[in-house]
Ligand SMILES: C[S@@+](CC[C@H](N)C(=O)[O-])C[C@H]1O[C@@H](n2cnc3c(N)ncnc32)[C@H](O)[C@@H]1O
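A single chain comes next, written as structure tokens; it is the form predicted alone.
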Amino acid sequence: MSNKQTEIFFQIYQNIPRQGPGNFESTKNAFLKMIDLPEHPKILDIGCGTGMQTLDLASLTNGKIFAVDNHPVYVDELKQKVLQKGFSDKIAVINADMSALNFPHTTFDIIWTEGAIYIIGFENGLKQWRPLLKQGGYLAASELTWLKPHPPSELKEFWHVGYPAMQSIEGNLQIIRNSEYKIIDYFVLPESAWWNYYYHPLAERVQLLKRHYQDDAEALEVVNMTQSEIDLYQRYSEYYGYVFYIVQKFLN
């Protein structure tokens, strides 16, 4: 992607409720799998985007949330939401790179990442972030996952380019075991988690940008790829989805 196309990519996702599939029910379901948490857990929300799930977490816990994203516009937007919601004491928003997090080891009771671990890679994220967890701490990650074998060729080709490291559920469970975590639970996000706060507003944004960039082939390439992604999910959602994996750092 050129610099211009990267700018267009962020423009597509700016000011929509979520930057990936998810909903309150799924966030709550994953959070409730974590037992014996301290009264005020320390939570690291990695790749928080504009923070819909961050605010949901804040409504579910008395803990302190450190929300991290490397895109300044998302960070600024979340900071405004935190002020508006009166969550300044519960949420600290930090502009930082998920691959170079500057926190001491064993700081957090929970690491949370919805739809973002793919950026660094599922296995790499699990291993790289593990030292930041306290012993017995939890990690919850939603990850794009194959749900059925033998996907149609156009779907397979699209994701071979878009996310070639995508695994099946069993493939991800094996990665979790190899990364020295205990598997607590996992579940597939419902299709509504893709549409309500993500693909429906994203599709509206795409139509606006198609008209805006109708004479700009470089920009349209990014816009049309986003439209293709939406169309493929509409046709083939039985073959892939987001799976929430809830895991725990082994006790020594």
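Note that the coordinates shown come from a computational prediction; the quantities given were computed from them, not determined experimentally. Numbering starts at 1 and runs along the sequence shown.
Keep in mind that the form predicted in complex with the ligand is missing from the display, and what follows is about it.
Of the stretches 111-119, 83-91, 133-141, 148-156, only 111-119 has residues with a heavy atom within 4.5 Å of the ligand in the predicted bound form. The ligand is not shown here, and in the predicted bound form it never comes within 4.5 Å of any heavy atom of residue 57. Although the partner is absent from this view, residue 76 stays clear of the ligand in the predicted bound form, with no non-hydrogen atom inside 4.5 angstroms.
In the predicted bound form, none of the heavy atoms of residue 165 sits within 4.5 Å of a heavy atom of the ligand. For residue 71, a non-hydrogen atom is located within 4.5 Å of the ligand in the predicted bound form, even though that partner is not displayed.
Shown here without the ligand, the chain has 47, 48, 49 in 29-51 lying with a heavy atom within 4.5 Å of that partner in the predicted bound form.
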